[in-house]
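The chain below stands alone and is given in structure tokens; this is the form predicted on its own.
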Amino acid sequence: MTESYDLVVVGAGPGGSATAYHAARAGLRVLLLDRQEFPRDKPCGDGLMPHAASEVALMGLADWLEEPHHGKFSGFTFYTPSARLRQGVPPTLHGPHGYVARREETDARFLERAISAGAEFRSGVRATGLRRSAAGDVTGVEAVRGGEEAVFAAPLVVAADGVGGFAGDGLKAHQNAVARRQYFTNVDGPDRQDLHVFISRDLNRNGAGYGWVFYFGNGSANVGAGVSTRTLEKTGRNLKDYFDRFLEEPQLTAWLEDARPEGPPKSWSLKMGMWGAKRYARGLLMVGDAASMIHPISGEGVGYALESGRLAASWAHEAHVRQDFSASVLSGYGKQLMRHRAREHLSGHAMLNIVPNLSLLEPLFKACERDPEARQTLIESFTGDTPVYSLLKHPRTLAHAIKDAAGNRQKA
């Protein structure tokens, strides 16, 4: 027997749960599917930028964020081969703090909120494809649970399955970055109220990458590193090698001297930047990682997943009001996302294509070390609060950086 819903959401990560939560609150009958059982671990940097914290609060979880076992950061420290940049969280309407929370707990909480809002959840269900009418309208989702086939009917589907590729239809984009993280207890680093970002020579010699140490509130930390897939292609090295060498950096060695790993490291792949993926089609919306909503510089994706899920829910409701699930109507969702995020994502994506590795920006990092206003703009471009080209507002600092870069070339 086929079960009928107003909306089927495939994938119960942040984007899927946010979609289900907001759509159910708007009065839609929502089914949320995931192939895994919850709670489950999801490798991630675990950082929630202030804009992400705002989305979490919209789901009724502001008090949960303040629980003491979560990290709460009010600044950033960037380490480069010749500079150390420390800056507070940029002032925005999202507030002065971000958080660090483990995805195993975070995703379980988002799912709980979706269920409490009225969404129906089925775990252990693998969606296998869209079902369409002879006219091409989406009529539901085909799935497998426990070896048995099932069909869930709905005129609208949201794909929130990350890099899973459920929806097909040419809407997916290829991954362009990989990352690896490991949890440690008793990490002996400074300034636990900061997110620590390391732009090391090794991670940037043949491509772009960075390492990190993000502290929780209970004495443990998420330690990780990520590089572009182009880096792996150029060098023939693997991600494990880059991660292991990052842990051998002198500063990290000192911080981890008395630390204990909580378990083995875990890796994942990402599609960073909004470009190369379509976010809507007839009867279909894409959210979160499935829609390539990962910041091209920082790699942060949870906040954008939550935001895209909220916007997708509003367009799902609009489509039901109109009883029109055409690509023409659903294109409003894609346009709204572009208005909200295109400048920051496009400029970041362009910078990483123009600048093959972050080591080439070393003169800029040194110049920003001396200029607090330019330094703040640099951090804002990392957090996604401003496009990279906002650095043009600091011509003197850019001139110093260009002069230093020219001098370095002459010495070489």
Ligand SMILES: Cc1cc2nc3c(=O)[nH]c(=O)nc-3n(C[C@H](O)[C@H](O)[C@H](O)COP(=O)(O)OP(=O)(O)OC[C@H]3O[C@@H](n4cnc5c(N)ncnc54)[C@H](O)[C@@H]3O)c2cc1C
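Position 1 is the first residue in the sequence shown; the rest follow in order. Everything quoted here is computed from the prediction, not taken from an experiment.
Another form exists, predicted in complex with the ligand; not displayed. Remarks below refer to it.
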Problem set entry | in the predicted complex, Gly209 touching the ligand (heavy atom, 4.5 Å) | no
Problem set entry | Contact test in the predicted complex: Trp268 vs the ligand, heavy atoms, 4.5 Å | yes
For this session: Indicate whether the ligand has at least one heavy atom within 4.5 Å of a heavy atom of Leu28 in the predicted complex.
Result: no
Exercise. Using 4.5 Å between non-hydrogen atoms, is Gly299 touching the ligand in the predicted complex?
Worked result: yes
Seminar exercise, completed: Residue within 4.5 Å of the ligand in the predicted complex by heavy atom, from Pro50, Pro363, Gly348, Gly47, is Gly47
For this session: Only one of Ile199, Leu337, Met274, Val125 comes within 4.5 Å of the ligand in the predicted complex by heavy atoms, so just point that one out.
Result: Val125
Exercise. Thinking of Gly162, Phe214 and Val287 as the candidate spot, does the ligand come within 4.5 Å of a heavy atom on all of them in the predicted complex?
Worked result: yes
Exercise. Heavy atoms within 4.5 Å of the ligand in the predicted complex: which stretch among 365-373, 380-388, 64-72, 36-44?
Worked result: 36-44
Seminar exercise, completed: Applying a 4.5 angstroms cut-off on non-hydrogen atoms, the residues of 13-32 near the ligand in the predicted complex are Gly13, Pro14, Gly15, Gly16
